[in-house]
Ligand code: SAH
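Take a look at this one chain, the form predicted alone, written out in structure tokens.
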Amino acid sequence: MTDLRAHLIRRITAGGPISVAEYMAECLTHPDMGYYATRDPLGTAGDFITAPEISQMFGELIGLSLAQSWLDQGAPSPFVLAEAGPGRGTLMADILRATRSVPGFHDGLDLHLIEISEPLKAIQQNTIGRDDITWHDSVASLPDLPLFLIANEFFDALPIRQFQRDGDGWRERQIGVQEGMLTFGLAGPVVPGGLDHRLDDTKPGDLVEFCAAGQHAAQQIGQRIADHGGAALIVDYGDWRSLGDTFQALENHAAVDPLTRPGVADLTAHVDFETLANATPSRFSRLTPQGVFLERLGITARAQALAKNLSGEALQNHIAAHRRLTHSAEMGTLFKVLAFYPDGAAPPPGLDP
């Protein structure tokens, strides 16, 4: 039994069942035993690989989309270049490299990273190689300046609550203890705020997920963009509206029971992009599959240019990376892109209003 599992069993035994959101928060962010507090979860030696780790093309195109949006808004200076959930720093390093030739971009940027993991902060510092990075625990402390932000696989790790339709009402899915084991169960009838409209498109027994932390982060990001200008690119797996149980755990690149090894496996859920769009005070783009977004930005031409200098296994890996990022059977359709941008501006390149 892991120490965190024993801690959770003691907590639930003493205080009663907890929500899925409370369980996720403990598992991911407990200061001593949480997943992000104790390890580097990324890469082949970790539990999952994100798009920036697959190919430099992803970060290059993200960077150029944000830089063009910055130019389109009059190249404000100074401005905040930020990433929420920057992983190993690979994406931001690629963004900075790709935008080096954009006149004035590097002169005006103030670099900020939203990260709670101390092990990852050290890796980010080494990967990015700059001494002017400011780290934040949340979006709330970002400066009041034009904000150009990327959030790649950030919202999927924020704690969710799950509600199961019961007649014309709801019951919350919770985590309790039975015979010394963590188990799922249902609480009594509740009236959760924000779910009244879901009675129209669900039936008894359906499960929907609700991420208050995601809505709050989207509101804060969008408010800065509405007030000061900028753009945010949100890239994650999910869809326009939540339906069904998407709560999952990954360990060593394989799916595992989310209740078996708390603090050891990564916990995520699909993103409900509709709630993010409804939360932002700014304008938002049309939700677009990642593959379509990257193709509009010219990933195939970039892939062909890079391929000219490759051969053998390196070339095959490069071709596989392009396919993994864009193909509908891989990340191309499962992952979506949503942008926030201010009134009077166009959405970042690759996206439609």
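Bear in mind the structure is a predicted one, so any value in this text is a computation, not a measurement. Residue positions are given as counts along the sequence shown, with the first one as 1.
Same protein, other form: the form predicted together with this ligand, not shown, and the subject of what follows.
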item	value
Triplet I160, E172 and L186 all within 4.5 Å of this ligand in the predicted complex via a heavy atom	no
Answer range among 177 to 185, 219 to 227, 79 to 87, 103 to 111 for contact with this ligand, defined in the predicted complex as heavy atoms within 4.5 Å	79 to 87
One residue of F273, F210, F154, F148 in contact with this ligand, assessed in the predicted complex (non-hydrogen atom, 4.5 angstroms)	F154
Heavy atom within 4.5 Å of this ligand in the predicted complex - residue from Q56, Q68, T288, T50	T50
4.5 Å heavy atom contact, D257 to this ligand in the predicted complex	no
Any non-hydrogen atom of L120 within 4.5 angstroms of this ligand in the predicted complex	yes
I116, heavy atom within 4.5 angstroms of this ligand in the predicted complex	yes
In the predicted complex, D72 touching this ligand (heavy atom, 4.5 Å)	no
